[in-house]
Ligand SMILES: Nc1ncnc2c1ncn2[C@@H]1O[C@H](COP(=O)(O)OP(=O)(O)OP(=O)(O)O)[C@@H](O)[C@H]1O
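Let's start with one chain on its own, the form predicted alone, as structure tokens.
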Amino acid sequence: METIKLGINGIDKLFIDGLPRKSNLLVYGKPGCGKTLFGLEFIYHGVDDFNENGVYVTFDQSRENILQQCRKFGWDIEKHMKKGKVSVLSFAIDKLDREVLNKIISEIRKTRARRLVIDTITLLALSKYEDKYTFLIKDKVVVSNSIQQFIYSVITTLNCLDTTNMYLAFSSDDESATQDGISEYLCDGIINLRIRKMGKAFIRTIEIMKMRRSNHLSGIHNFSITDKGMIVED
């Protein structure tokens, strides 16, 4: 089994056998827990450290906002974009059309990407076209009757590509991990990011909830956000 490294400081030691290539990885948590940063590091270190091209898709931020976050941590992602190795796609939810997956797949093939981040699948699931959950794959219309069926169709469609896919998602207030209640069952691995306030400080933790085809360290681990990015502590 071929595996990859995420490249995030301290995270790969939690994946004892490595992350299986072409896995679907779900990263979920409350706002401010570090989901976007996690996804950006996955893409940036993928190309900068391991020569794996990547596509980052955002539904809640502009392309410039994403680039500014990279600059903040000293990541020159734009040099890789100029070489055609990385692409950042930004879509406004209220302006989405049925071509969104075709556009994402086209960009993946154009950049020869091996890594894909969807930020967030929660927001993508809120989009509708003519009051229906539909999208096009080539010229075929895929129609879903619910958010759960829509997410199932999206994940299974992107799973056919030669990429390791990371889906960022908002956590739920009930017993489900995510607000959609289905992506945690479809993905091979689940990572929960948490943040809580302790006095004037914030405590951030990470936990691998499951990982198919690979052993991982269980339990909750602290992590911090520095001027260099995330660091998972021993």
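Sequential numbering from 1, following the sequence displayed. All values derive from a computational prediction rather than experimental measurement.
One more form of this protein, predicted together with this ligand, exists but is not displayed; see below.
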Exactly one of Ser218, Thr226, Asn222, Asn215 comes within 4.5 Å of this ligand in the model of the complex through a heavy atom, and that residue is Thr226
Contact with this ligand in the model of the complex, heavy atom within 4.5 Å, among Leu26, Cys33, Val55, Ile206 goes to Cys33
Wondering, does Leu37 line up within 4.5 Å of this ligand in the model of the complex on heavy atoms?
yes
Quiz prompt | Residue contact check: Asp60 to this ligand in the model of the complex, 4.5 Å heavy atom | solution = yes
- Using 4.5 Å between non-hydrogen atoms, is Arg112 touching this ligand in the model of the complex? no
Check: For Tyr152, is any heavy atom within 4.5 Å of this ligand in the model of the complex, or not?
Finding: no
Among 72-80, 85-93, 153-161, 102-110, the stretch whose residues bring a heavy atom within 4.5 Å of this ligand in the model of the complex is 72-80
